[in-house]
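Let's start with one chain on its own, the form predicted alone, as structure tokens.
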Amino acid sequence: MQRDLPPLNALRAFEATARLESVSQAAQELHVTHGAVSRQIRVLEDDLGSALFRRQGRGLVLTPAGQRLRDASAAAFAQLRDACEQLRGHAAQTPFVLGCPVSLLTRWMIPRLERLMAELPELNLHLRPQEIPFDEALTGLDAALLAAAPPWPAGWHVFPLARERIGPVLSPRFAQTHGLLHSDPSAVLGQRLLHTASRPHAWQSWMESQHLPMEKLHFSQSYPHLYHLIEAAVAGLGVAIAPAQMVADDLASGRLLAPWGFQDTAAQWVLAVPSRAPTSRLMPLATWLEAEFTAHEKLPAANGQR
């Protein structure tokens, strides 16, 4: 029958004391008190039935038993430190798989990917497009980036990044743009409104925020994904409804205009991770994403642009 090892804390206290030849220095290294180290050494001596140190003047010297245990424990702890360091290095090299809805990946992440990788080179980020809703386990992912409203699935730990804001956008190429730029939000009634199956309630949410009647909306072409919808708006095919973050680059370049600004929704942009997963690799990414998303809060609020 294999006999149990002595308590690990006692072995750590002994190894540090033997290596540093000082109880006080061992206590400092282990972030405990002098008395705590002394007690752990006594526990170890009682377990082994042998004295490990003897007093010599004002200091301690190892007994023959102590010398033997010092050599063995030093080698064992060195191996453990080496193994842990190798595992940490392996974890750092393991790809961090981030799931993104296809539209977010295409319109927002990819244009920022080179800069993200330059600023967080240790992350080893791999992006995975997501066509369907994320499951509670976030299967196959280290994290997911998405816009959603609480409550969150019980298996998620969520890092909020920014409020989602939506508003109508249109191209300078759209035939009615000139008139719409000098009109109030009710001018959208009767226009060709583009929409997407992935966000069926977006127009309703914005119309309610403007106190406009939904029954007077004239819906035109529907698109399967948000990025299709935005590209259709850029092409001048009608007025689209889109999140501010997804069109910020187009607004900055003049490819799209937002005559009536953007309105908060109940949703948030969040970074979600499985609740069982460690978050040490995640925090730099969460901080980076939050800064990017909140940069778009400078875009005008509803009724703030004419």
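From 1 onward, residues are counted along the sequence shown. Throughout, rigid core stands for the largest set of C-alpha atoms superposing within 1.5 Å between the two forms. Because the structure is a prediction, the values reported are computed rather than measured.
The same protein has a further form, the form predicted in complex with the DNA, not shown here; the description that follows concerns it.
is_contact(R68, the DNA) in the predicted bound form, heavy atom dist at most 4.5 Å: Looking in the predicted bound form, residue contacts with the DNA do not include R68, since no heavy atom lies within 4.5 Å.
R255 within 4.5 Å of the DNA in the predicted bound form, heavy atoms: Contact with the DNA, no.
Non-hydrogen atom contact A16 with the DNA in the predicted bound form at 4.5 angstroms: Because no heavy atom of A16 falls inside 4.5 Å of the DNA in the predicted bound form, the answer is no.
Contact flag, G57 vs the DNA in the predicted bound form, heavy atom cut 4.5 Å: Yes, G57 sits close enough to the DNA in the predicted bound form that at least one of its heavy atoms falls within 4.5 Å.
Contact assignment for the DNA in the predicted bound form, among S38, S50, T63, T265, heavy atom within 4.5 Å: So the residue touching the DNA in the predicted bound form, by this definition, is S38.
Partner-proximal stretch of 265 to 273, 247 to 255, 25 to 33, 234 to 242 relative to the DNA in the predicted bound form, 4.5 angstroms, heavy atom: This holds for exactly one stretch, 25 to 33.
In the predicted bound form: members of 127 to 153 within 4.5 Å of the DNA, any heavy atom: Counting only heavy atoms within 4.5 Å of the DNA in the predicted bound form, no residue of 127 to 153 makes contact.
Core-superposed C-alpha of S24 shifting 2 Å or more between this form and the one not shown: Yes, the C-alpha position differs by at least 2 Å between this form and the one not shown.
Core fit, then A10 C-alpha moves 2 Å or more between this form and the one not shown: Moves: yes, 2 Å or greater.
Per-residue C-alpha change between this form and the one not shown, A248, threshold 2 Å, rigid core fit: It does not, since the A248 C-alpha is displaced less than 2 Å between this form and the one not shown after the core fit.
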